[in-house]
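The chain below stands alone and is given in structure tokens; this is the form predicted on its own.
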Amino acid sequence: MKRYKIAVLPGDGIGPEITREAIKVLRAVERHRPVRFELTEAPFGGRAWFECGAAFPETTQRICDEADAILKGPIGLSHEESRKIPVDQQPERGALLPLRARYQTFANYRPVRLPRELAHFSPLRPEIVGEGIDLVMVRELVGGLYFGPKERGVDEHGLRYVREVLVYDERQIGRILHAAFRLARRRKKRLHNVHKSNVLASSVLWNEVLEEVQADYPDVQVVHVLVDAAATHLCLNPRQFDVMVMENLFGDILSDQGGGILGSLGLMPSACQGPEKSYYEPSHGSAPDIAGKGIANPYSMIGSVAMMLEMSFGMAAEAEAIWRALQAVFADGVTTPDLARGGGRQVTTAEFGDRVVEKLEGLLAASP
């Protein structure tokens, strides 16, 4: 019997609702496989600040330190609630960035996946979606503008100013490029390098390091694309992409666009991997405006569980069963309100999770 410790950080807004559905899936796996998941819940984000006086409390840090993997819900508050918290302790600055820095989760994998059977969810025309969309964005997660030195003040002219510095070194760039090349080698052996070297010196260094790393992967084709052009092509011809690699800020923006071409950020799970520990989370925010209404889409949270099972615990078959269960629920004509324009019968967050568990149990029972 294998046992894994998982730190569960439900987060803010809709986080607790969709986390409950993810836990249902983990318990279903336990019922059909010789594995046990020891789940320890801990406060994290805005809720944690109000309850504990810190967005990433020391008790939560210890729980995460002891875990084999971390399952994290979305964090963030409404504008009004955020203003009640000091700027440096607001959820993203006080919790999310320190989490990434603590475990050096430098490699962020965000699959943008829409099978042909679900193509009607996309706002793109059918002839653009074609046989479906299946690409992965690989984003560097612990460097760049988000982690560089920051300064705010008043200059000699009495004008308020802010200075934020984009910092990367060749080691940081090289390790994310190796991760992207390895993934591209396992898929279609094509890697789109997203940069802005016509303007940014950081992209010039990025491309220099890429040329050096590329020598280790002669079987992988590299396609260079400026970030603004990549944004355009994601709308006009997303099927040309398979694996895309990019720095932190570019990845933050383009991965949200990825959710847009699928029809909802609710379809965007992600994995954030470090040298020794990884965390898994939806790519979307906490949606405080719909929290508690039971209408949030749990797909991204459940998909993050699938990524955790495969990438942290080596349970690829069980992960694939979860993906198939998710798609089977949609194939039955069932959906959550965020995807209602694609047709189908709308169900609540909990009902969607229950249907996924039912499909999953059937799949796992059929292949013991």
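We number the residues from 1 along the sequence you see. In this text the structure is predicted, and so the values were computed from the model without any measurement.
Missing here is the form predicted together with ligand IPM; even so, the following discussion is about that form.
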{"query": "One residue of 191, 112, 124, 96 in contact with ligand IPM, assessed in the model of the complex (non-hydrogen atom, 4.5 angstroms)", "finding": "96"}
{"query": "Location of ligand IPM contact in the model of the complex, chosen stretch of 138 to 146, 212 to 220, 164 to 172, 195 to 203 [non-hydrogen atom, 4.5 Å]", "finding": "138 to 146"}
{"query": "Contact flag, residue 283 vs ligand IPM in the model of the complex, heavy atom cut 4.5 Å", "finding": "yes"}
{"query": "Distance check, residue 242 to ligand IPM in the model of the complex, heavy atom within 4.5 Å", "finding": "no"}
{"query": "Non-hydrogen atom contact residue 81 with ligand IPM in the model of the complex at 4.5 angstroms", "finding": "no"}
{"query": "Interface membership of residue 134, ligand IPM in the model of the complex, 4.5 Å heavy atom rule", "finding": "no"}
{"query": "Interface residues of 240 to 263 toward ligand IPM, as seen in the model of the complex [heavy atoms, 4.5 Å]", "finding": "252"}
